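What follows is one chain in structure tokens, specifically the form predicted alone.
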Amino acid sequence: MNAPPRETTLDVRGLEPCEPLDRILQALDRLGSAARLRALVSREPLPLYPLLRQRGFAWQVVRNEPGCCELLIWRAGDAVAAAADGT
């Protein structure tokens, strides 16, 4: 049985535009294997998705409700991080 992934939570709700995207990308620069980032943002960050794809990340929107969009982000191909339950 595989160990669960390490997970870091980053809450960037309420920050001015571009700051949430910048902080998420900075956090992903430090993301290792078998790890994922749980990002809490004020709204769905559509401009982030192409950047994630270009940098080799996969993601899942876990919860999207007014005032909070929750994303799980991990390195594409990381079976440990991808297989873990996102709820």
Partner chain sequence: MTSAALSLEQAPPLSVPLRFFLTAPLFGMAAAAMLLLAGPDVLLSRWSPATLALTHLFVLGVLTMVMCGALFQMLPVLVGAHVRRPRLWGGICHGLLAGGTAALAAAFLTTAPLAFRCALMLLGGGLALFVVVLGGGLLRAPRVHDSVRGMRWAAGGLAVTVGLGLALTLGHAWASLPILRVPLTDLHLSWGLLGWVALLITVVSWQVIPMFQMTPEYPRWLRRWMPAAIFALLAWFSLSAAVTWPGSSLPLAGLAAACAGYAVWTLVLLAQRRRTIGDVNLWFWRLGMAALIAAALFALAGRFGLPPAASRLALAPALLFLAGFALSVVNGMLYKIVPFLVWLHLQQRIGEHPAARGQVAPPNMRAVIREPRARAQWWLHAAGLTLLLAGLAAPVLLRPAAVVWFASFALLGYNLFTAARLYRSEAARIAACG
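Residue numbers count along the first chain shown, from 1. Computed from a predicted structure; not experimentally measured.
In what follows, reference is made to the form predicted together with its partner chain, a form of this protein that is not presented.
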* Asked: Can you check whether A76 is within 4.5 Å of its partner chain in the model of the complex, heavy atom basis?
  -> no
**Study point:** Distance check, P47 to its partner chain in the model of the complex, heavy atom within 4.5 Å
**Key:** yes
Any non-hydrogen atom of L51 within 4.5 angstroms of its partner chain in the model of the complex: yes
In the model of the complex, does S33 come within 4.5 Å of its partner chain, counting heavy atoms only? no
*asked:* Counting heavy atoms only and using a 4.5 Å cut-off, do R38, V41 and A83 all touch its partner chain in the model of the complex?
replied: no
When its partner chain is considered in the model of the complex, the residues of 6-35 having a heavy atom within 4.5 Å of it are G14, L15, E16, P17, C18, E19, L21, D22, L25, D29
